[in-house]
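Structure 1 and structure 2 below are the same protein chain in two forms, each given by itself as structure tokens.
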Structure 1
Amino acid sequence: MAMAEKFDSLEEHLEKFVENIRQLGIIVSDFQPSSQTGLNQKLNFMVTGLQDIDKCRQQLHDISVPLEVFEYIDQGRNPQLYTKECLERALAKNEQVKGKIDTMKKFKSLLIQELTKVFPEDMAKYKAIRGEDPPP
């Protein structure tokens, strides 16, 4: 919960900053001499906005962002796609490893079975050391 509050505060400051910049853009796009004081005010808001964002840094020092996300953003792509692809890759790899483990377990039990036929005495000793393995 505390974590969400930290992000909320940063998000709020960023939104205010972006809005201020947007308004600044509007003032500048068709500048009138009368709007000089407004422009000065916006410029100083920008500085205070940056100060506020900088203060948020202390609360978020333990957050790390993968560099790959920046590539998505730089290419104008939704960064949620990165999360999606990461989860999909993790699941695929997880399934692959599980398959390998299951196959190895089967292989082990078959090997023990066959070795017991050929080397019954040795395998009896082996089982005495290791104990009976659960079936795969």
Structure 2
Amino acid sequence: MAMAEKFDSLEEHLEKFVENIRQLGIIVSDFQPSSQTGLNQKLNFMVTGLQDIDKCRQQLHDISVPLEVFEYIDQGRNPQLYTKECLERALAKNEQVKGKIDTMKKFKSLLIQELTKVFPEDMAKYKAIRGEDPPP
């Protein structure tokens, strides 16, 4: 079974379960002794629905969802925003790290220039060891 089919199956079972719970709530909110059979039937459907969902869980055991996604859902936010915001944070961090790398490269270049002025023989040896051509 393909991964998409597994998710579709889980989604279908969850939708049926939620609908059954909704109908159960209607029966309970306006309970009449004559609706006892319907209530029992809905409770049995609820148990069966939970068993079906559990079977789907076994098929999706290797899927992990970050806890932050559940926090988004609990806050009433779209869980797809989590992915978007993660990418935005990663891009911002990438730019920050790139800036630090560029700064360190400039610092290294300036340091080598200044050290070459002060210690020309030592820096020539250093550059020879590093495989860099000494400046003319």
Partner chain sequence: MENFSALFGGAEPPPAAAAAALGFGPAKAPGAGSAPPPAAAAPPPGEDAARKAASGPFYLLRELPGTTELTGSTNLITHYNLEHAYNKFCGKKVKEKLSNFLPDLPGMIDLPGSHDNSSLRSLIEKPPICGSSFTPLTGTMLTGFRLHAGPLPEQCRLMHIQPPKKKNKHKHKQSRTQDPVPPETPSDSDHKKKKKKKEEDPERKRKKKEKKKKKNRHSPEHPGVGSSQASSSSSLR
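The structure presented is a predicted model; accordingly, all values stated were derived computationally and were not measured. In this text, rigid core is short for the largest set of C-alphas that superpose within 1.5 Å between two forms. Residues are numbered by position in structure 1's sequence, first residue being 1.
Does the form predicted together with its partner chain correspond to structure 1 or to structure 2?
Only structure 1 matches the form predicted together with its partner chain.
Aligned on the rigid core, do the two forms place the Cα of P120 2 Å or more apart, comparing between the two structures?
For P120, whose C-alpha is compared between the two structures after core superposition, the shift is 2 Å or more.
Please say whether, between the two structures, the C-alpha of Q51 moves by 2 Å or more once the core is aligned.
Result for Q51: no, shift under 2 Å.
Rigid-body rotation of the smaller part against the larger between the two structures, in degrees?
Angle of the smaller part against the larger: 13 degrees.
Just grab the Cα shift of L91 between the two structures for me, core aligned, in angstrom.
After core superposition, the C-alpha of L91 moves 3.2 Å between the two structures.
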